[in-house]
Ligand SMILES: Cc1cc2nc3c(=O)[nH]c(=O)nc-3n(C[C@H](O)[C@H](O)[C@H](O)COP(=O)(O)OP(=O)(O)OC[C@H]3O[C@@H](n4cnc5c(N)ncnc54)[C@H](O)[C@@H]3O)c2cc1C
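Have a look below at one chain only, the form predicted alone, in structure tokens format.
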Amino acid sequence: MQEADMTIIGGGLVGASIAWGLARSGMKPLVLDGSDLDLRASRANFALVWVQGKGLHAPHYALWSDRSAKMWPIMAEALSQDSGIDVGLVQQGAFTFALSDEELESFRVDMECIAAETAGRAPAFEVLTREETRDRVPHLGPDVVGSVYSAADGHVNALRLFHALHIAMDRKGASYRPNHKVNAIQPVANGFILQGDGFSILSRKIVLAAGLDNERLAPMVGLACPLKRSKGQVLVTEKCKPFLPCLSPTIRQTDEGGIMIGDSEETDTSNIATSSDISAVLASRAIRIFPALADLNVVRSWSGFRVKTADGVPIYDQSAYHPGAFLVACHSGVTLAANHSLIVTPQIAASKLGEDLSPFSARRFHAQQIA
């Protein structure tokens, strides 16, 4: 039987961020990944490094997101040195546009609540009127009634980020094996036996970073990962000259020219296919915000299931019954990549998660059930 000191189950953005971080510390992690046809959240992300509006009623999550966004320039530079790839990080702030007074008021209430719950430590924001928004963002449609602006937000090229992480972790000594779905995990005295089709590996430590599959794998090592179904859909236009003067959570122009339009959510389906009705709503709303988008062709659309926990807040956990088993689950794999690579991995390498991660334990769900 093959042996490994550290095995990461999952090679998406979260698993690769952790593998690269561990490899930078001198470890030689093994990464086991599934197949191309698996439900991969990394393919369906919007590539935002996003803080605005996160952490409502979860101030630790708001501050955790802000911390990662601030560390992103450090990570991008280190990743460029290790991989030779520029991931296209831009952090110049972003607007959330409102198409009704009720929508703008809802945004304002949520942002002020987050500011109060974090005692003012969350990033500053501005609630802008229609006129103030138009002064900063030209070419807006007449339906935009105002916006929320935060200077903390940004975005990257997610495809290059994924490529860079895999190149970097390989150069630093990690081993990557696709088509190695783990069917079973058996805790033993000196670690964990990982079994799949045609392989069996004894690993002294493991990290569950398998996205949606964490829900199945976690109970095998005494952990829990309650997830909720959350399907998102994205439209991509043909490439065009840079014309969007700003970033928003629903509309962004990539550094290669295409416009990405998203922010849908379906919670009552297991069908991975895209919906033309949802595409129509996404396109209509985007054109109301930026009418010039009506002149572009949509060349691609795709959908995917987010890795979204039951309360939307990430889970970082270590098994109390099997201490060498760790769990990382979140739907903000891009935003939190810097935290995962630079903060979480040293704690995993030291075999103990710090107190700063204790609020993210899945034990919070047990407490809610008891209450």
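Keep in mind that what you see is a predicted model, and the values were worked out from it rather than measured. The numbering used is simple: start at 1 and walk along the sequence shown.
Not pictured, yet referred to below: the form predicted together with the named molecule.
If you superimpose the site C-alphas and bring the named molecule over from its pose in the predicted bound form, 3 or more of its atoms are within 2.4 angstroms of a backbone or C-beta atom of this form, and that means blocked. When contacts are defined as a non-hydrogen atom within 4.5 Å, all of S35, G304 and G333 contact the named molecule in the predicted bound form.
Interface membership of L39, defined by any non-hydrogen atom within 4.5 Å of the named molecule in the predicted bound form, is confirmed. For E215, no non-hydrogen atom is located within 4.5 Å of the named molecule in the predicted bound form, even though that partner is not displayed. Contact annotation: A23 falls outside 4.5 Å of the named molecule in the predicted bound form, judged by heavy atom distances.
Put simply, G232 is close to the named molecule in the predicted bound form: some heavy atom of it is within 4.5 Å.
With the partner left out here, the named molecule still marks one of 341-349, 62-70, 311-319, 26-34 in the predicted bound form; by a 4.5 Å heavy atom cut-off that stretch is 26-34. Contacts to the named molecule in the predicted bound form (heavy atom within 4.5 Å) from stretch 1-27: I9, G10, G11, G12, L13, V14, G15.
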